[in-house]
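Shown next as structure tokens: one chain only, the form predicted on its own.
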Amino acid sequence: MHDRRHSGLPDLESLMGQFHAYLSKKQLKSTRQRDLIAQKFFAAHGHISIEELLNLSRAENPRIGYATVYRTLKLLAECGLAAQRRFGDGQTMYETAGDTEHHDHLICIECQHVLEFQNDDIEHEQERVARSFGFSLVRHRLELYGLCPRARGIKGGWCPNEEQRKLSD
């Protein structure tokens, strides 16, 4: 899990300040519900769905509705603080944008686990391929789809999705 205070990543106060500045610019109110949803989102590690964020938010305020979470995530995406991702299962996931180093995704088509990884060799090769066609890369997204060890039927194979659930219980 990222510790924003010691990692060079923006802290919660900074992220909330950026969010509030955007709301003011759009002449929108900063509400307790929006703030709670944004705080839960920024505290989440990795990718989170609207439903997961709704559950986290409702744990503190049961009156928060799906539409409020949806609209808050849309605002966070509009102001560049959230990045929307759609993986193979079609579910939209969100992650904090702009405060993490570039990473790619490895996705199990069986259990839907999304694993983030970084590989300098892949990054260099993508740059080389782009240059060989006369392109200058501005951005890219790499998603690799496959089967985790458990889904492949490997005896004693582990499922990263099950491991993650055990850690959150």
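This one's a predicted model, so the numbers in the text were calculated from it and none came from an experiment. Residue numbers here begin at 1 and follow the sequence given.
The next section is about a form of this same protein that is not shown, the form predicted in complex with the DNA.
The contact with the DNA in the model of the complex, taken as any heavy atom within 4.5 Å, belongs to Lys29 out of Arg139, Lys29, His124, His102.
Three-residue candidate spot Leu12, Gln39 and His45; no residue lies within 4.5 angstroms of the DNA in the model of the complex by any non-hydrogen atom. Put simply, Asn55 is far from the DNA in the model of the complex: not one heavy atom of it is within 4.5 Å. Interface membership of Ala67, defined by any non-hydrogen atom within 4.5 Å of the DNA in the model of the complex, is confirmed. Interface residue remark: Arg63 is counted as part of the site for the DNA in the model of the complex, having a heavy atom within 4.5 Å. For Asn119, no non-hydrogen atom is located within 4.5 Å of the DNA in the model of the complex, even though that partner is not displayed.
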